[in-house]
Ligand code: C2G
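One chain comes next, on its own, written out as structure tokens in the form predicted on its own.
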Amino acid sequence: MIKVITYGTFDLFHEGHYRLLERAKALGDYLIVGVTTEEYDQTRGKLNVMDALMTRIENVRKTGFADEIIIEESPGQKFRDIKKYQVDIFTVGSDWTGQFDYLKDYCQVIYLERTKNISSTMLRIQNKHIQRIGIIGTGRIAGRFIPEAKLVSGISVEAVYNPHVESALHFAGRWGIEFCKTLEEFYALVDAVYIASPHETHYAYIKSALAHGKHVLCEKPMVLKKDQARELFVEAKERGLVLFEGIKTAYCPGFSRLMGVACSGMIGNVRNVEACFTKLEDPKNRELTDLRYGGSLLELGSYVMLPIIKLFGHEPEEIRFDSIPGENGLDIFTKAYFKYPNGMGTATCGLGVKSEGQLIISGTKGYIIAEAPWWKTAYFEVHYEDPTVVEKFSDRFLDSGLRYEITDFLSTINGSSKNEFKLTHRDSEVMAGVMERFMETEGR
């Protein structure tokens, strides 16, 4: 008898799950299916599991493919189960390719090709819906999006579009999703769109997606003009669609907690915010060669402006900029100064000058410090006049952090408004206005 084992969450059970179990069963004579607990999923970073464990087990049982169903609830259990049940073949979907090669010392490991276009009949029968999302753009951030999206229950990446066909074909092949030659073909396959294209293309792509009735999650900066931001948010609201700007820091648990502490009165009244984010970018990359849409502020400014705008509001009395240009005139280091009636903020960012990247929030009773990388807020401290008194706070920040914004995006699509405060439409409008003013100052 050939024994086969596979594992999964099997949340919102759909045709893709059914086909995977069908193919797993065909590999041998006896199929063992491990269904993960919600608690274990959370420890490995999977968010937003919707169905109860017993519901997920019952859905697997109904397929008739599982000869035995077990519960996966701890790290290292796969190895133990393989030995315990004398398994011959371990199998999972191809989106996990390579991650379980360590089990090859104990049994055969087979990665099954992903089922495309899974949101079909079985979902509709259950009156549930997985949001099919498509990606516009195939750069570095798009490559980070897919592994993060697969850890958010209720969303499935289905298609990619890029006018640069060769790049899109390579991306589609790498991730096992559909390549679309045209936007019309692309929109026909998806319910929502993630825009990860160059900055200057965002506005047109958002307009197009909204016109086709698609929800939109757009990478920062969403747009580079305040009026454009306002226009797009109004259009999304009129069409009953969700438009999100993807500044991952805004949605991560640690940053939300940090903002809560800053506004709680623990450090008194906030009077100064200093945020810094620098990295040494390859001089050949777009960020340092695009003379109109590149440079430090347009690339990193959204992060460093975020805590200033969240804490002081949308109406600064004064904004000014100081920059250090590179050889081609593009800013490689920029400071943006914000003056408010009761405080001030400094947003520092650099692509060609390296500095200590930290966030300091100063108040009338104490201060908060979050060391680099504070934009992935996992730890911060509260200090007071007495140097022996230090309060410490920590939260998890998993991998690249995109799963947090994807989860909130999906929750909003599904009707929740509880996370809108994290990054409001007005926040995005103000940031776009600062970008616009900077470009005017630079003569771009």
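Numbers follow the displayed sequence, beginning with 1. Quantities reported herein were computed from a predicted structural model and do not represent experimental measurements.
Keep in mind that the form predicted together with the ligand is missing from the display, and what follows is about it.
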item: Which of 250-258, 366-374, 138-146, 87-95 lines the interface with the ligand in the model of the complex (heavy atom within 4.5 Å); value: 87-95
item: 4.5 angstroms heavy atom contact with the ligand in the model of the complex for H383; value: no
item: is_contact(K422, the ligand) in the model of the complex, heavy atom dist at most 4.5 Å; value: no
item: Non-hydrogen atom contact D11 with the ligand in the model of the complex at 4.5 angstroms; value: yes
item: Contact of Y40 with the ligand in the model of the complex (heavy atom, 4.5 Å); value: yes
item: Within 4.5 Å of the ligand in the model of the complex, all of L20, F100 and R114 (non-hydrogen atom); value: yes
item: Position in contact with the ligand when the complex is considered in the model of the complex, options D191, E72, D290, E178, heavy atoms within 4.5 Å; value: E72
item: K279, K78, K310, H199 - the one with a heavy atom within 4.5 Å of the ligand in the model of the complex; value: K78
item: Contacts with the ligand in the model of the complex, stretch 25-54 (heavy atom within 4.5 Å); value: T36, Y40, R44, K46
